[in-house]
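The chain that follows stands alone, in the form predicted on its own, written as structure tokens.
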């Protein structure tokens, strides 16, 4: 067991899907995995391992924000040997043509966080996805839908900002969407030499005030989970 994950050695698969919401982890396990077994309930952060088309796969919630996400990703890699980590989360679109339910394959993650600057002596590090995962996810997504985009996103430390126009400078630079975890995931994966990718479903759009319901956020975006499971390595 690690500090925050109550699994025994061997209970977590080399491939782990990472929703922020632990209830989405339970939904994915119950909907897509065969013989899913819960390996973690510590702090209510549910984790499950089962099989998808014969492949062992785990899914575990990470909570919101880079500090929480980093704790679970670090322990999954360092304590349980995770080799492929795929975030399956929601995001706020920053481009007007993106609609609720569209899937974004995050090529790279800009950030307003100071976490990476602390680790890189005040310099800017550019966290990016594992190319092989990104390529296969893009192909798998296009086979299912044309509502798929690949590009840069923003991982922010702030959910509520007093400046309502804060997002415009990012949108003007072509950033597709904002969320709160991917920059940390990509940085940790690079440091530990493992593969990582973020697949994000648009749950709201800051340019036109579209917004999904809480139930949609938990259960209404199955395509990103289907894509993630389809590209999971066999072992």
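As the structure is a prediction and not an experimental result, all values here were calculated from the model. Numbering follows the first chain given and starts at 1.
Missing here is the form predicted in complex with a small molecule; even so, the following discussion is about that form.
Residue stretch of 198 to 206, 38 to 46, 52 to 60, 182 to 190 approaching the small molecule in the predicted bound form, non-hydrogen atom distance within 4.5 Å | Only one stretch passes the 4.5 Å heavy-atom test: 198 to 206.
Contact assignment for the small molecule in the predicted bound form, among 91, 129, 88, 153, heavy atom within 4.5 Å | Answer to the contact question: 91.
Look up in the predicted bound form whether residue 178 has a non-hydrogen atom within 4.5 angstroms of the small molecule, and give yes or no.
-> Yes.
Give a yes or no for residue 120: in the predicted bound form, does one of its heavy atoms lie within 4.5 Å of a heavy atom belonging to the small molecule?
-> Residue 120: no contact with the small molecule in the predicted bound form.
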